[in-house]
Each structure stands twice: as C-alpha cells, then as structure tokens.
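Shown next as structure tokens: one chain only, the form predicted on its own.
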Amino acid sequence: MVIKILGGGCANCKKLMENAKKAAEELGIDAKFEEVKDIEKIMSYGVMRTPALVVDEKLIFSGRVAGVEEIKEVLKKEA
C-alpha cells in the first residue's frame, strides 16, 4: 500500500502524515509513505486545498486533517 500526503509541508500536512503512519501501524499495515509537495502533481489529483490523503492513487480526503480512527476505517476498506 502506498500512502501519499499532498501538501507544501505545513503543520497540518505533518499532522496528517503522523496520523496516517499511526493508523497504519495500529492496523499492522505495511505501507510506503510519500510526501508530495509539487503543486502540479498535487493538482493532478484534483486537489484544490491541502493537506490531502491519497491511498494507492485514490484521493481519500482533502482540505483537512483526518484523525487516526477515521484513517484506520479508510485503510481497512482499501487494504
């Protein structure tokens, strides 16, 4: 599973990355994490507000920081 955090590296982007890593760890999911900071790549996902969460090239959330439990629910469905 590849999990991408789209954003410029702001505090919210970092918090979303932290939450996503914790959610994957708690579920025992072996995931590769990537930060995408290039604005053109971010826009290619249709994202207009960051941070955004992408799981296996599928946009899950954008414009907010999802909590650990919410991310765990998504990861269970996508795994």
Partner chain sequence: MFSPVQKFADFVTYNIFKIPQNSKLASAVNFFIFDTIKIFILLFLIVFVITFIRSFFSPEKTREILSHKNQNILLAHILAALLGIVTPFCSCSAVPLFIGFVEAGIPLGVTFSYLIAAPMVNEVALGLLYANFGLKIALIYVLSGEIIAIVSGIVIGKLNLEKYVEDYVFKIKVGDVQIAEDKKTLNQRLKETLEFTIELIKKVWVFVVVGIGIGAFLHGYIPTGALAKIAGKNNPFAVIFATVLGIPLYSNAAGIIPLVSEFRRLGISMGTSLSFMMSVTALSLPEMILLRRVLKPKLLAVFVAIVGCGIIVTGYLFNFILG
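Numbering follows the first chain given and starts at 1. All figures in this text were calculated on a predicted structure; none of them were measured in a lab.
Omitted here: the form predicted in complex with its partner chain. The next part is about that form.
Asker: Although its partner chain is absent from this view, report whether residue 64 comes within 4.5 Å of it in the model of the complex, heavy atoms only.
Answerer: Yes.
Asker: Check whether residue 28 has any heavy atom within 4.5 Å of a heavy atom of its partner chain in the model of the complex, and answer yes or no.
Answerer: Contact check for residue 28: no, nothing within 4.5 Å of its partner chain in the model of the complex.
Asker: Would residue 49 count as touching its partner chain in the model of the complex under a 4.5 Å heavy atom rule?
Answerer: Yes, residue 49 lies within 4.5 Å of its partner chain in the model of the complex.
Asker: Look up in the model of the complex whether residue 59 has a non-hydrogen atom within 4.5 angstroms of its partner chain, and give yes or no.
Answerer: Yes - in the model of the complex, heavy atoms of residue 59 and its partner chain come within 4.5 Å of each other.
Asker: Counting only heavy atoms, which residues in 10-33 are within 4.5 Å of its partner chain in the model of the complex?
Answerer: The stretch 10-33, when checked against its partner chain in the model of the complex, contributes 10, 12 at the 4.5 Å heavy-atom cut-off.
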